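Before any questions on how it binds or moves, here is one chain, the form predicted alone, in C-alpha cells.
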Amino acid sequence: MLRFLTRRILTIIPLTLVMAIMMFFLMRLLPGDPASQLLGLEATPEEIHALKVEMRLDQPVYVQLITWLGGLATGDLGESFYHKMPISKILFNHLIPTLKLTLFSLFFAVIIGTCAGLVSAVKQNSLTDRILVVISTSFMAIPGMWLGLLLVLFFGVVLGWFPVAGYESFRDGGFGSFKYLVLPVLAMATAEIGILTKMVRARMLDVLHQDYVLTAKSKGLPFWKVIFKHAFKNTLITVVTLSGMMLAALMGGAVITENIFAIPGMGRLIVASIARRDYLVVQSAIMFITFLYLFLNFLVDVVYAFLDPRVSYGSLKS
C-alpha cells in the first residue's frame, strides 16, 4: 500500500510541472500585453515601456518562467498587475464560492445519481426503471449553459423563487445564502446525475448476476442485505471512480456557470483576468485548480485502493 501511494504522489510532480510550463507559454500567445491594457489607448510608448520594466516583463521569457516556477514552488505567487495586491489573497477570496458550487454539485449528483441508478437496477424492466432511464438520458443530453439560462428564466424571472444572480457568503447570510446556489447547482449537477444513474444501473445489473450474489439469494438472505452488503458494496468502486472524473467536469463547467449567475468564483476571476492580460493571476488560478484536482484524484485513488485491495497489490507487482 505504501508503495502504491508513493507512486501516485510522485506522478503529481511531473504533471504539475508540465501544466505550469504549458500555462506560462499559452498566456504569452495572447495578443496584447498587461502594460498596454492597464494604461489604455492614450499611453505613450515610453509609459508602456516603463510599466513593463516595473512589472519585469522586459526580462527574457526563460527568466520570467524560472522566476515564476521558483515562486510557485515556495508559495510566493507574486502580485496582481491589475489589483495591486498579493495573488494568494485574491485566490483565497474567490476560492470559497467555487468550492461551495463544485462540492455541492458533486454531492447532489452522487447522492441522487447513485440512488436513482440503484432503484433502476433493482426494478429492471419495470415502469420505474424505464422512466428513470428516459430521465437520465435526457439529463445527459441537456447542455449546462442552456439549462442554466432556462432555470434563470423560469425559477428566477417567472416564478421569482430564487435569485437570478449574485452570491452571499454563509457568514453574511447564514443558511439563507444557499438560495443563491440552488439554480447554479442544478445547472451543473443535472448532466452528472444522468451519467451516474446510467453507470450505477449498468454496474448493479452486472453485479446482481454474479455467482456470489446469486448464492446469497439462494441462502435466503433478506433482500436489502443482498443488495447493500453484497451487490452495492462492489458498485461503490464505480461511484468513487466517476466522482473523480466528475470533479474535473464540474470545475471546468464552473467557469461558464459562474459567469451566467455572476458568482465571484475562480472561473469568473480567470475570465476577467484573461481579458486584462493579468498573466500571473490566470497562471496561478489555473495551477491552483490543477493541483487541487490532482490532489483530490489522489484521494480518490486512496479510497479506491481501500475498496479494492487488488489495485494496490497489482501496483506492487507491476
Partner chain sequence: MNKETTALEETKPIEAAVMRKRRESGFRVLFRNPLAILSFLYLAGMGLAAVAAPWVAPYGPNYMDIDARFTAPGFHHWLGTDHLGRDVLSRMIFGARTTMGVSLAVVMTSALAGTALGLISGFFRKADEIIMRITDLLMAFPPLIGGLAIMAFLGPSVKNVVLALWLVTVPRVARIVRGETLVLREMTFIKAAQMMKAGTGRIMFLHILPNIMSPLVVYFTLLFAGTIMAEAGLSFLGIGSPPEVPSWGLVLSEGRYYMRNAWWLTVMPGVAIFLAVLSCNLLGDGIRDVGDPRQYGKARK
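The shown structure was predicted, so the numbers you read here are calculated from the model rather than taken from an experiment. Numbering follows the first chain given and starts at 1.
This protein has a second form, the form predicted together with its partner chain, left out of what is shown; the following refers to that one.
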May I ask you to state whether T137 is within 4.5 Å of its partner chain in the predicted bound form, using heavy atom distances? yes
Residue-level question: is G252 within 4.5 Å of its partner chain in the predicted bound form, judged on heavy atoms? yes
Taking heavy atoms only, is H94 within 4.5 angstroms of its partner chain in the predicted bound form? no
Is G160 one of the residues lying within 4.5 Å of its partner chain in the predicted bound form, judged by heavy atom distances? no
Which of V239, A248, V182, I112 has a heavy atom within 4.5 Å of its partner chain in the predicted bound form? A248
Of L186, L103, V119, V164, the one that lies within 4.5 Å of its partner chain in the predicted bound form (heavy atoms): V164
Quick one: which residues from 267 to 281 get a non-hydrogen atom within 4.5 Å of its partner chain in the predicted bound form? I270, V271, I274, Y279
